[in-house]
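Heads up, the chain below is alone and in the form predicted alone; it's given as C-alpha cells.
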Amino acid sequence: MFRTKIAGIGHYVPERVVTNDDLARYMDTSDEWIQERTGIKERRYAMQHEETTSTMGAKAAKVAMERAGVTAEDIDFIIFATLSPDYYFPGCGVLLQRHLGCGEIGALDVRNQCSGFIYGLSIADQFIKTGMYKNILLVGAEMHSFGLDYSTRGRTVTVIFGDGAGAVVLQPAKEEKQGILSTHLHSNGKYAEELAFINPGAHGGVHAKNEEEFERFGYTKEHEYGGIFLTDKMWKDQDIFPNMTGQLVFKNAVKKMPEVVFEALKTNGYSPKDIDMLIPHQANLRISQFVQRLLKLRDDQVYNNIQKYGNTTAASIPIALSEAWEAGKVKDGDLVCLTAFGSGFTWASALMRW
C-alpha cells in the first residue's frame, strides 16, 4: 500500500486588498475593533464578473501542477472543496476540469466548509493508497465577497471573510518515511444552524416580476432584495446572509481542534513537541493562539496568515501551507500537522512527513 505525498503546492489570492478602514466606510466598525476580535488587518476580494471560485482555483492549480512537474493530461482525478461555488450546481470540480483542459476524469466536490480541504485530503489519500489514482489535484477555493452583508447588521461575519485559492497535487510517495501518516475526520450537527447560510441567494425564496405575481404563490407579505421577493420570515431572520454565533463557535473550536491534533499525534506515536509546523485553519487569530497555548507550541511551530487574508475557509489551509513552504518554514523531513474546525460542525486533522 502506498503513502500519499504532496508533490506540488500553489496558491492564488486576488490583487484587490480590502483593509479594515475600507469596511468601516460601509458599517459601524473600526480597524481597532476588528483586529482586537479577529487579528485581521486586511483581506483580498476577487473582481466581480471577472473572477470566480473556479477561475481562482485554476490559477492555484496551475502553480501546484508546475511545481509537481505534471500537466493537465497527467491529472487523473479532481477534488474541489468550497462553500462558495460558481453555481448552485454543477459544482466547481467540472468547471476546473474545463478550465485546465483535463481529460474526461472524475471530479468530486466537497462541501465541508472550513474542514473541506482536510476532508478532501483524506479522500485523496485513500485513492492514492489503493493505487486507483496517481495524480490527484485537490483544490480549496472561496469567493465569499459576493454574498456578504455589508451593513452594520452583518459586520460580525463580513469583516472575517476573504477570497482566495490553494491547491496541491498528490502522488504516491517514493520514500517510505514521506507522506501522509493519518487523517482524522469528525462532525456533530447539533449546532448546524449556529454557523450557517440558510438561504443562499434565492434558495427558499420566490422569483417574481412584481407583487401581483408574487401573490399568486400564496404570499401576502414580502420584501424585495436584489430583484427577488422574500417571505417576511426570511427577511426577519436574515437567513439570506451567512450567520454565526461567535462565542459558541469559538468555544467549540478551541476544544475540538486540540483534541483532533492530539488524536493524530497519539495515532502515530508523537507528542506536540515533535511538530515542526502546525497549520491551523485561519478562522480567527485568537482561536489559533488559544490552540497554540493548549498544545504548548512555540511561535515558530505555528503558521498564521489570517492577518493578511482573513478567513478563506476551504482555501485557508492550502494557502497558508503554500506560503509557509515558499518561505522555507516547511522543509523536507518536517512533521507537519493540519487542523480545522468549522460549520457543521465539522473538524479534522492530518499529520504528514514532508
Ligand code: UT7
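A residue's number is simply how far along the shown sequence it sits, counting from 1. Note that the structure is predicted; figures quoted are calculated from it, not measured.
What follows is about the form predicted in complex with the ligand, which we do not show.
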item: All of 9, 61 and 135 with a heavy atom within 4.5 Å of the ligand in the model of the complex; value: no
item: Answer option from 37, 67, 44, 41, heavy atom within 4.5 Å of the ligand in the model of the complex; value: 37
item: Option touching the ligand, based on a heavy atom within 4.5 Å in the model of the complex, out of 159, 128, 78, 110; value: 159
item: Stretch in contact in the model of the complex with the ligand, which is absent here, among 263 to 271, 182 to 190, 169 to 177, 247 to 255 (heavy atoms within 4.5 Å); value: 247 to 255
item: Heavy atom of residue 155 within 4.5 Å of the ligand in the model of the complex; value: yes
item: Contact of residue 14 with the ligand in the model of the complex (heavy atom, 4.5 Å); value: no
item: Close approach of residue 118 to the ligand in the model of the complex, 4.5 Å, heavy atom; value: no
item: 4.5 angstroms heavy atom contact with the ligand in the model of the complex for residue 28; value: yes
item: Members of 329 to 354 lying within 4.5 angstroms of the ligand, judged by heavy atom, in the model of the complex; value: 341, 342
